[in-house]
Ligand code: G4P
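Heads up, the chain below is alone and in the form predicted alone; it's given as structure tokens.
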Amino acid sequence: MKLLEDRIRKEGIVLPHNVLKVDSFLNHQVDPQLMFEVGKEFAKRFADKQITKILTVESSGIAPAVMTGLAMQVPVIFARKHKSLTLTDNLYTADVYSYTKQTTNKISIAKRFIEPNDSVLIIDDFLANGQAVQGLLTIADDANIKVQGIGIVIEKTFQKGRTLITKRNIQLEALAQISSLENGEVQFLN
């Protein structure tokens, strides 16, 4: 997706340890117009699937997931990372390790929002080591629902996330695929 790649080139900041900072348009300040284009692109790429709901993890996955839900006209469920007084029981949970934050969070989704016949699309902001997606796949497995596809805004192809997903034979679409962040420069696949 050229529009997204152009924004990464213009505003992305490469930090040590293969971290790409895109907080000016994706995961701190959000550019709604860009996210709407992202949502429409995911809707187009998964148009042949019978999606009933979209799953993501708070917080950076919410903007692209909501815009995809808008384009596909389906509800969006986000897994919560933190305990809440309103989210206490009847939960699907999974542990997720965050490479950028160097912490493990227990993500949770209330069982009442997932039906046995749901067919879901997972959307997330980044795919690197695949831990957030793995957590959502664990929840989907526990809920016995079908994952029709996984949409990623930015994939770091030089890390192992894709390999973990392709083993499951699930359609994976990444809108920007980064092959390297060496020497502080973003290199895209293709």
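By rigid core we mean the largest C-alpha set that fits within 1.5 Å across both forms. Computed from a prediction, not measured in an experiment: that's the story for all the values here. Heads up: residue numbers just count along the shown sequence, starting at 1.
Unshown form predicted together with the named molecule; subsequent notes refer to it.
Listed residues Asn27, Gln148, Thr52, Thr157 were compared with the named molecule in the predicted complex; Asn27 is the one with a heavy atom within 4.5 Å. Taking non-hydrogen atoms only, Arg80 never approaches the named molecule to within 4.5 angstroms in the predicted complex. Contact between Gly69 and the named molecule in the predicted complex is not found at the 4.5 Å heavy atom cutoff. Although the partner is absent here, Leu20 sits close enough that one of its heavy atoms falls within 4.5 Å of the named molecule in the predicted complex.
At a distance threshold of 4.5 angstroms between non-hydrogen atoms, Tyr99 is in contact with the named molecule in the predicted complex. Per the 4.5 Å heavy atom criterion, the named molecule in the predicted complex is contacted by stretch 124-132, the sole one of 29-37, 43-51, 140-148, 124-132. Relative to the superposed core, Gln102 undergoes a Cα shift of 2 Å or more between this form and the one not shown.
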